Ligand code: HEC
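Given as structure tokens, the chain that follows is alone and in the form predicted alone.
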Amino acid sequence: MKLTKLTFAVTAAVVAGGVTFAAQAVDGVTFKIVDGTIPESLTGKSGDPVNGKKVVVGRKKGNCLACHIMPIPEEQFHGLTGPDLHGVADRMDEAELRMRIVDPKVVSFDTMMPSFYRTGQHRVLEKFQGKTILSAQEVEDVIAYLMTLKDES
């Protein structure tokens, strides 16, 4: 199977009324997209929520605060273009969050959110071409952190 410029080699099958896609990222991590989610960890292990928070606030990695309001009052300049992430763990599960971080365009084609674990991004510096924004472990770390964001009411 040949990898495409968009990072994934994809095959589809209809399984029990849903659609399953098998995808392989450039770095060799294989995962399945099932009904618009990625149910299994990219690394086969849980993420680290402490490192996930660092990735989320890091301006050179996740940079989530550029678009999202988050329950991180010690950080300045929260964005307003993405959804508020307060209580996101009450609204979405790990599989849904993983899909939105890996490639949100699978869920919403016209989203402005970048695909953090896919290559083939448009208009990137040459030194970033063919590379993902986050590693597979960083994706899992961000998910682990986001799963701590539950409503406190």
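Computed from a prediction, not measured in an experiment: that's the story for all the values here. One-based numbering along the sequence shown.
Although not depicted, the form predicted in complex with the ligand is the subject of the following passage.
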| item | value |
| --- | --- |
| 4.5 Å heavy atom contact, Leu42 and the ligand in the predicted complex | no |
| Contact flag, Pro71 vs the ligand in the predicted complex, heavy atom cut 4.5 Å | no |
| Residue contact check: Cys64 to the ligand in the predicted complex, 4.5 Å heavy atom | yes |
| Non-hydrogen atom contact Thr30 with the ligand in the predicted complex at 4.5 angstroms | no |
| Candidate site Pro83, Ser108 and Met113: all three near the ligand in the predicted complex by heavy atom within 4.5 Å | yes |
| The ligand in the predicted complex - contacting residues of 71-110, heavy atom within 4.5 Å | Thr81, Gly82, Pro83, Leu85, Val88, Arg91, Met92, Leu97, Arg100, Ile101, Ser108 |
